[in-house]
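Take a look at this single chain, the form predicted alone, given in structure tokens.
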Amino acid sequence: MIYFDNAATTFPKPESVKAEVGRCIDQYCGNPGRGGHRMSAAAAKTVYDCRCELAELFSAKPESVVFTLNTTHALNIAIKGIARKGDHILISNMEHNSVLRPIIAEGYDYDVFDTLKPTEAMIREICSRITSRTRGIVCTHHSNICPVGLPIGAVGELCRQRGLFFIVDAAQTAGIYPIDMSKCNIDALCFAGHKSLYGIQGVGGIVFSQKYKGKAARMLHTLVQGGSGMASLEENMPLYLPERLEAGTLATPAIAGLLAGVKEVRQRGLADIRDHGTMLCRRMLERLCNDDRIEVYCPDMQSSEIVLFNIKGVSPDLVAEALDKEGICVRAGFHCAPLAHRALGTGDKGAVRVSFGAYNTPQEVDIFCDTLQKVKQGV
């Protein structure tokens, strides 16, 4: 099997991740923060160690790392925690439904800015859309469907100058691109544990800036209330992070796997992982862009881990089904990102997405391209 759906979930997982998840379940899967016995203490240490690894990865503080179920959960907590009724929010035309739907559900006023233009022009457009009610910007660091990335440093600097909050969706970049929260003026960085950090499904997180340090965390509205392992006699959630936003039992085995995954990523090096993905992307584009029947979206952007395409006149679902029969896993459709598909003009059925991971090979790219030629003749 060839697995080219890493933008959804990376596969395979490192041996160290699988081993640590199993070790946690077998040896120390107590409830962190919910007891003084050795099992609870061992689980709590693993959770804290993971916070420390993530904080170092993003140039943040361990106590600012809040664990969630996934990036969607993280974005909901961050957006609804920071924004207020009546706020105006700016988002990009590359946003996932994890950004769009919470904003619509809460009734926030919003505008969409265009990412398919040079940085200076994009920043000018953002400035033109800022109003007296604009409270912040929420945007992806990198599209989940195509090679478009956003200059979060420039956007963050604009937010700093205008006094706006800045929430970044790093689902596709955490573990591939370096992210310094302080330098990019990010208030809340949302990430997935099961994608390019190579953990298992069931854990993601938010890293908050020092703006919410200590009792300043009271500024964050809570999405879920319940047990936090501390201040049990209090009627309200604690004022401090991370406990304020971590109601209920944490996914300790998944966090243990994430800890191992982050260590693997840092040991290999983000630059090496990123260069590997870019090499695979360019190798595939050399073949696909020379085929008149194949339409590649954003073909000139070759520094990425994603290739989006359609066979002209053929449903992307049929292409994905045919590839699956040949043992190749890709994803077709709209990828929970209708704004991005509309911006790219992929049509009424979306497109086929190929997304690479650290364990894919050039040989797999060649097999894919040869198989696609075969598929193209039969659909």
Partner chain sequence: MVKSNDRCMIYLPSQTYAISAAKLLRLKGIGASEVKETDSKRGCINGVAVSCRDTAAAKQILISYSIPIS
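Note that the coordinates shown come from a computational prediction; the quantities given were computed from them, not determined experimentally. Residue numbers count along the first chain shown, from 1.
A second form of this protein, the form predicted in complex with its partner chain, is not displayed here; the remarks below concern that form.
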One residue of 251, 179, 262, 241 in contact with its partner chain, assessed in the predicted complex (non-hydrogen atom, 4.5 angstroms): 241
Ok, 69, 339, 41, 322: which has a heavy atom sitting within 4.5 Å of its partner chain in the predicted complex? 41
Applying a 4.5 Å heavy atom distance criterion, does residue 32 contact its partner chain in the predicted complex? yes
Considering non-hydrogen atoms and a 4.5 Å limit, does its partner chain approach residue 45 in the predicted complex? yes
With the cut-off set at 4.5 Å between non-hydrogen atoms, does residue 229 touch its partner chain in the predicted complex? yes
Contact flag, residue 318 vs its partner chain in the predicted complex, heavy atom cut 4.5 Å: no
Based on heavy atom distances of at most 4.5 Å to its partner chain in the predicted complex, which listed stretch, 307 to 315, 327 to 335, 47 to 55, 340 to 348, is the contact stretch? 47 to 55
Which residues within 60 to 91 place at least one heavy atom within 4.5 Å of its partner chain in the predicted complex? 63
